[in-house]
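Okay, so here's just one chain, in structure tokens, the form predicted on its own.
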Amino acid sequence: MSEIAAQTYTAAILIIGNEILSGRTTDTNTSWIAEKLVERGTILREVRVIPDEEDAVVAAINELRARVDYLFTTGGIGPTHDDITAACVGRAFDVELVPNEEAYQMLADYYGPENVNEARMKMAMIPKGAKLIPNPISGAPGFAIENVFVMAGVPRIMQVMFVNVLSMLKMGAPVLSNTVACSLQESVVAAQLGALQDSWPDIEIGSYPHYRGGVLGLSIVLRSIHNDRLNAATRELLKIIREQGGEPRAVSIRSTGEELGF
């Protein structure tokens, strides 16, 4: 187990919705959630997209919640026939879906009691024992049960829900990262990057080719929970790039307190 893995928590995202699989809707929630999690010492290990099919949703929930510390679901908690997430979570945990008085009150406060019709009441049906996740944008709450957090799929609504979710999570060691880009091709520095990784086994180093402005280049990401060691390894990387005839460029520096020499 790496040092980062030993001092952080793990998470998965389950994206529920035919609209994502069809290409009609683009998922933007994953990158947003991942960035918020890593700041709090939780590493996203898997993202899965599945259709609005009850058996598939139940199976995925049970598989993923057993493998990670936190499972976040997005989508499927609205008032229509294809919003099946709450029922699926109930099945996964073998608990009843029951009218939740607090959830009803949230809907009544938002829409007015006279406008909480049968369709909207569906959004007040919550697995027994679950804790609600407030939704100030559209009223209908998400919920949390054990290590599963159920949220809306609409990005802005999911984001305000997730702010509340963060207070429910344990804090791991924040993972810092430095991203350095250059115009060198991966094969030019492959051996040196391997040696750099061997020299810094507690730092995760990944290389990612890119094609920008008609030029093939490389982005190299270093991640660690130790600011000083991350910066020392980054300085070695800058030296490697320059020795191979490249000019390093800082893309994202999330370490602090030291001059890196760009």
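So that there is no doubt, residue numbering starts at 1 and follows the sequence shown. The structure presented is a predicted model; accordingly, all values stated were derived computationally and were not measured.
Just so you know, the form predicted in complex with a further copy of the same chain exists too; it's not on screen, but the next bit is about it.
Only one of the listed residues (Met125, Leu132, Met168, Val154) places a non-hydrogen atom within 4.5 angstroms of a further copy of the same chain in the predicted bound form, and that residue is Val154. Though a further copy of the same chain is absent from this view, in the predicted bound form it lies within 4.5 Å of a heavy atom of just one residue from Val163, Ala173, Ile137, Val95, which is Ile137. None of the heavy atoms of Thr10 is located within 4.5 Å of a further copy of the same chain in the predicted bound form. Contact check for Arg65: no non-hydrogen atom falls within 4.5 Å of a further copy of the same chain in the predicted bound form. In the predicted bound form, a further copy of the same chain stays beyond 4.5 Å of every heavy atom belonging to Gly245.
Using a 4.5 angstroms threshold between heavy atoms, Ala232 stays clear of a further copy of the same chain in the predicted bound form. Stretch 72-80 is the answer when you ask which of 142-150, 72-80, 98-106, 85-93 has residues with heavy atoms within 4.5 Å of a further copy of the same chain in the predicted bound form. Although a further copy of the same chain is not shown here, in the predicted bound form the stretch 205-231 places heavy atoms of Ile205, Gly206, Ser207, Tyr208, Pro209, His210, Tyr211, Leu216, Ser219, Val221, Arg223 within 4.5 Å of it, in sequence order.
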